[in-house]
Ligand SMILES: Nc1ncnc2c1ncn2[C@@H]1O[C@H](COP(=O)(O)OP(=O)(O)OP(=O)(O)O)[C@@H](O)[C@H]1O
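In the form predicted alone, a lone chain appears below as structure tokens.
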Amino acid sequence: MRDAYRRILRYVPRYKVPLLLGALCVLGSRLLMVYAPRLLGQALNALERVDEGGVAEAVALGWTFLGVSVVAAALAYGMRRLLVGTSRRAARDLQRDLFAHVEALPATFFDRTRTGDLIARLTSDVEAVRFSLGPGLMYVGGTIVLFPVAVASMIDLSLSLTLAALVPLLMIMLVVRILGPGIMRRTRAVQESIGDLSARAQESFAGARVVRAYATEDVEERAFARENEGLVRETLSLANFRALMTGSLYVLGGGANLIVLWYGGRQVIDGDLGVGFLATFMLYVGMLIWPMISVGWVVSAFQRSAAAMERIDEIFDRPKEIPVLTEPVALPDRIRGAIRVTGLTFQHAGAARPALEDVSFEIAAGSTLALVGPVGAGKSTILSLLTREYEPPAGAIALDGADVTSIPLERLRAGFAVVPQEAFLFSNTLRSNLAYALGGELDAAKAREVLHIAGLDEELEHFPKGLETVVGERGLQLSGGQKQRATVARALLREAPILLLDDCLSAVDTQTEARILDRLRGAMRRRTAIVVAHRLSTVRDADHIVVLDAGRVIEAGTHAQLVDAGGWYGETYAEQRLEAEMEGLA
């Protein structure tokens, strides 16, 4: 937990000035709070001397008490404004840093991490950390100043009464020490349960259409209820511990008041202590009870904050994508797009066997290569390795003669326009989704051109607001084929020298696919293109075709050569051609 606190405090130095001013406000407000009861006690004692001008003295002391209280309140306002405001800004910085770190993590991280859990760490966990940077420090600082000064003032009034009152107050520390670790464990369990619940809800909402298609709403409801019940169980366990701590602190605080009233009252009766000083003493005890009670609350909150920061640091501790593996090389301003793959072997973490074994091929700049083969053959993995979404072995892949592991990621990926197998659109307008490839404004003429190539221009006329149509989360307002064609158009807008098409037209019919590919050939003549496809008729015009099976190259050549060879490609092409003819007859 101590390490977690140190990690939390790394955000403090950014705001030294407001924190220093806030600390001064804490110091000033608490010192005035301790001074104010003494004024009140002196006023009560003055009232006992009615015939000696005590009333006038009491009135003067009363006005002084009011003035001190007003200044203390103003300083308390400044304290809260500065410290809480700083905690909000620090939380903003933490969220920004966490988001930026997540964005820089490799694909393997997202393969194993639930989105809902990430969102919980970015929101509820950061909010828990924020408390320790603002309100937590404010309450702790106030207690550190208030306690010794108030105790010193109490000793000045009566040492014996102070010792009697401190016995139950100091027992509060023992209660916190005993119950604190249990609160920490349960707090961590609550944070984990929040992440599980968020993940379950996010997956159910994102897969709403699948849920409806399979009529499994009741299954999802039961699964959510289980996660929710788990959260309630962990939360109640934590609440029980917190209630036990808070209740113990209230009892001990009440015991301190009872001791003061009994023992101090006897001193007043014996004439050893004035009524005004007893009232002052009781105000000091009351002043200490809340900080001591708040210690339990603050400790609980710090426990939660430490648990939250541990969860956040689990993300920060994940290494980012490797920007450069070997010495960086200087590439020309314009990437030509010549690609050479030599003896490429790659295995996903945790996989039983390699996804690729000793794969080799070469693509001349400006030519088109097709990757075909059964499902799971490793085609998409090759595309991911080209852009270093997964890190390839050094020396296995070269771009324009340079090892891709020696090219900075930003420079490398600027050379590729990728149309992924799973079409993804942001919950925004179609225009914004297309412009995403440019990082700026979308030229209307260029938009029409790429939409025509992607075969979406005619359908665009029937969209409610044309390019301004909101496509919904993940593009749910569009059909599967429309989403795929929109992502094709987006990739074309980038005008990168290398175009990667990962089975990106599987959701359109054969005729539409043929029409789009015919238009794409014009765009691909100016670029190096790698096309992954399952319909072999769509790659027959490729300059070179590589057939993969179980991660190995089993055939390579042109369409005519592979058909004549009569291997997997020739047999599959004949089967698909027969199926197409049968569909035409139907």
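All figures in this text were calculated on a predicted structure; none of them were measured in a lab. Throughout, we count residues from 1 along the sequence that is shown.
The same protein also has a form predicted together with the named molecule, omitted here; what follows describes it.
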For this session: Answer yes if any heavy atom of residue 379 is within 4.5 Å of a heavy atom of the named molecule in the model of the complex; otherwise answer no.
Result: yes
For this session: Flag residue 374 as yes or no: does it have a non-hydrogen atom within 4.5 angstroms of any non-hydrogen atom of the named molecule in the model of the complex?
Result: yes
Exercise. Heavy atom to heavy atom, is residue 534 within 4.5 Å of the named molecule in the model of the complex?
Worked result: yes
For this session: Report whether the minimum heavy atom distance between residue 174 and the named molecule in the model of the complex is within 4.5 Å.
Result: no
Exercise. Any idea which of 121 to 129, 410 to 418, 310 to 318, 349 to 357 reaches within 4.5 Å of the named molecule in the model of the complex, heavy atoms considered?
Worked result: 349 to 357
Exercise. Since exactly one of 111, 509, 229, 458 fits, which has a heavy atom within 4.5 Å of the named molecule in the model of the complex?
Worked result: 111
Exercise. Which of these residues, 139, 241, 390, 281, gets a heavy atom within 4.5 Å of the named molecule in the model of the complex?
Worked result: 390
